[in-house]
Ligand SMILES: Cc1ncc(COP(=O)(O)O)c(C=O)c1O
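Coming up is one lone chain in structure tokens, specifically the form predicted on its own.
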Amino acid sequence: MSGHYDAEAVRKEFPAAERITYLDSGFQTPLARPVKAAIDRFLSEGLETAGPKSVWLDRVEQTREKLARFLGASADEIAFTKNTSESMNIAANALPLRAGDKVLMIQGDHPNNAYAFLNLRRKGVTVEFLSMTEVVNAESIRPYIDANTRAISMSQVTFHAGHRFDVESIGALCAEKGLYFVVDVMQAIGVVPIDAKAMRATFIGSGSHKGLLVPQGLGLLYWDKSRTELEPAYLAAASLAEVPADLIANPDKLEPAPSARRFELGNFNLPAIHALGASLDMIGALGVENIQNHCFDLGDHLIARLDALNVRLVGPRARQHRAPHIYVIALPAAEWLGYFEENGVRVSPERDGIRVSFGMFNTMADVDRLIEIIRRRGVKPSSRAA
């Protein structure tokens, strides 16, 4: 039993976690039974009735409502996209940036966030990368803001070492300075509580195949609907305020939808959105704060066991600066990844070692098995804590 919920019961909903020691939810989560059931229902309906499209689209809107509540937003501020990269590109191109404007980003953050803004250099926009320090907050960023700065973009949680940036204080700084604020929450959502309004974000982008438990191919975009000056870089009938009833393009009616639908292109990934509805129900039943605290407890246990082995942890150790679920162990991936695979442990190689990333279904026994496998092989001095 976890101190926060019955982790053993949750684990039974993830068959893959019963077969291997799965410590790779930062890459993608195993499929959960309720999520698969939602996809199966969609496929059965398509097979047996050729698709009740109005029912399917109603479920899209039901999931949009659930997602909005999950983010502390309203449904008309939520758009569905293909993945995080598409969400970040939509956001970058919607900002009214011109030649000479500057965007601040964090060096070493996810490349697909960076590329969305680096692509704006063709318009004369400058991107300045700030050093990734253990603490990234308003005060660490304030000195770099100048008269040309128009936007800040970053992840809430980094994928490669589990840094958790103080996005609330940075959002407040952006509000103070009149800057746009774009946040990638891919590695946070589903594990770390997210409040779009407290974050004061202009846009929030994410995919859904990590903490949201859905197979790849679905993303989301939150848009602060008070920012009516932000319009899509591309247009389709689905993104218009007034879709022509005869589906003949009308050059005189190009006003974008007043909701975040302005950023959608239609033809949704229906099975994935239906699956997201089921996963949000799962997460809601446990409570995202309980999932966060469960993962923090696992992380504390992992750190203590690594310390006992005198093995280094890469990245922040303190709870206030680390993600609850992402930890990088200073073991060379080239030497260790195959060994873990041979022993039925799923982890990821990362820049500075082996990344362990927890999900709602992991237990203390998973940590203990990982540590025992490391102990059995032994570590070289280079991996030892200073």
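Please read these numbers as outputs of a predicted model, since none were measured by experiment. Numbering starts at 1 and runs along the sequence shown.
Unshown form predicted in complex with the named molecule; subsequent notes refer to it.
Enquirer: Report the stretch among 229 to 237, 268 to 276, 209 to 217, 285 to 293 that approaches the named molecule in the predicted bound form to within 4.5 Å, counting heavy atoms only.
Expert: This holds for exactly one stretch, 209 to 217.
Enquirer: In the predicted bound form, which of the listed residues (Asn93, Asn83, Thr126, Ser169) lies with a heavy atom within 4.5 Å of the named molecule?
Expert: Result of the distance check: Asn83.
Enquirer: Pick from Cys174, Val157, Leu298, Ala73: which has a non-hydrogen atom within 4.5 Å of the named molecule in the predicted bound form?
Expert: Flagged contact: Val157.
Enquirer: Can Asn112 be called a contact residue for the named molecule in the predicted bound form at 4.5 Å between heavy atoms?
Expert: Taking the distances in the predicted bound form, the answer for Asn112 is yes, it comes within 4.5 Å of the named molecule.
Enquirer: Classify Met186 as contacting or not contacting the named molecule in the predicted bound form by the rule of any non-hydrogen atom within 4.5 angstroms, answering yes or no.
Expert: Flag for Met186 set to yes.
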